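In the block that follows, a single chain appears as structure tokens, in the form predicted alone.
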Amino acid sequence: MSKGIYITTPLYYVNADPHIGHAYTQIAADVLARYHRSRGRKVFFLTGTDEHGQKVQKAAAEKNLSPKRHTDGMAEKFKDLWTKLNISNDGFIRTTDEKHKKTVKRLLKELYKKGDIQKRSYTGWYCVPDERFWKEKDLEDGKCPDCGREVEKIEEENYFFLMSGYQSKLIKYIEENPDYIMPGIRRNEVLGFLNNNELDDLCISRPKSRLSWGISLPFDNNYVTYVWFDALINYYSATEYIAPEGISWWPATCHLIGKDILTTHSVYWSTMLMALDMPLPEKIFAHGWWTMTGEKMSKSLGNVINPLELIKKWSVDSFRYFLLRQVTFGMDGNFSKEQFKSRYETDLANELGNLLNRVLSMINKYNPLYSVGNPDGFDKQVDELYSDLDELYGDLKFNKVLDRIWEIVKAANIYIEEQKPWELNKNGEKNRLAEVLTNLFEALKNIAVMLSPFMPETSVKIKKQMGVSDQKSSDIKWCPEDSFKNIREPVPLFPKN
């Protein structure tokens, strides 16, 4: 059975509306999926919603809705945003799916039978917003070390996954597989934590007397499953009932997440899989946060960016482009509307849009022949980038891919000024004019193909105006059999607002 490319995003928690952080992860995963599809590979791109837990139960109660009705509405909001952002996910999983719940219960049973789940009395400090227990030594000024909010002391019996027994095995695995956690700074964070702290066992239940909205434990109906234990299993459960059959999807190729949930994925999920004797994902990539004036975006600070407002004013593709060009993927980035506008007007309108306009206008005006005689180095530039794409995408260096594409865009604009096609036409140098305009035409065609994962609508618009077929990157060749016969009058790609 052939192995497919399996790409996942986190399951987004449905206690609040989607925002730019969700969009960032989603767009990055979409670009990765589109690229691999363009190379003719079988891809399964999964996203979805995390719908159990105390915060969801509380959010539903505040709206006077049942948890299920609340989650139904929230799931649609996420689906609607992904449609507007041109996200090409192949599957959408909800943790309220009956088939997902069956898989969770089956895996819980397996761990319980193995003795990796035990019941014990527990006293700890509980953060309701994070739905997480803390030891007293972990608190900061008596508050949750993650969110800074109040915690409450809880004494109760619960079930624990014996995660501590897998600490040494996990350290060894991460050390022997340097690409398992990326980027390197995140890998070092996880190793630093594991090497300098004693790993605790993980509380994986909540008594129904305190929380009823969740998946019942298959071995004790008085408890529901801890929301993280439930949610993480989605990556595997989706391969059983959502992914196309006939292809081996597990282990996942890449779990794409935000850095705030690195521990749950690199430690909780990894040890859960080890306990189940299942292969670990090939890669966990934790990207950074978008900030505003150096502060993390949050509803409480009132600095959350609504993606819908940006795409309404500037276009979906310009939003996708900005997020993945502006910063090194994996690091934090500061968002400002001034920077967004600058990228739109300089990179997109002036450099790319103007290049297409000038080239098509000159071809329409001068009516040259199509000539494949002398590519003037553009062929080498395109071929070198094409040969590097697998490695660049493999390391999720999205901004580097765009930097390299823009080197071709800039080179083409400089080429126009140096070759002066208007003078070649005036002087009757028809052969050289044909070579120059053909080179520019071919450069643009390859730019459109390579931009397609990032800016799918723009890529289609460029190809339509050029009158060329919708090539995949696996079909790229410099100067294939082509002509100027189907080009249209240029239409601005990125109108100035």
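What you see is a predicted model, and the numbers here were worked out from it, not measured in a lab. One-based numbering along the sequence shown.
The protein also exists as the form predicted together with a small molecule; that form is not presented, and the subsequent description refers to it.
Enquirer: Check Glu442 for me: does it contact the small molecule in the model of the complex (non-hydrogen atoms, 4.5 angstroms)?
Expert: Glu442 lies outside the contact set for the small molecule.
Enquirer: Can you tell me if His287 lies within 4.5 angstroms of the small molecule in the model of the complex, counting non-hydrogen atoms only?
Expert: Yes, His287 lies within 4.5 Å of the small molecule in the model of the complex.
Enquirer: Contact between His265 and the small molecule in the model of the complex at 4.5 Å, heavy atoms?
Expert: Contact with the small molecule, yes.
Enquirer: Taking the small molecule as it sits in the model of the complex, is Trp228 in contact with it (heavy atom to heavy atom, 4.5 Å or less)?
Expert: Yes, Trp228 is a contact residue.
Enquirer: Heavy atoms, 4.5 Å, the small molecule in the model of the complex: which of 428-436, 447-455, 23-31, 63-71 makes the cut? Say which one.
Expert: Of the options, only 23-31 has residues within 4.5 Å of the partner.
Enquirer: Here the chain is shown alone; which of Ile261, Met182, Met272, Leu356 has a heavy atom within 4.5 Å of the small molecule in the model of the complex?
Expert: Going through each option in turn, the one that passes is Ile261.
Enquirer: Please tell me which of Leu402, Ile174, Leu108, Ile257 lies within 4.5 Å of the small molecule in the model of the complex, judged by heavy atoms.
Expert: The option sitting close enough to the partner is Ile257.
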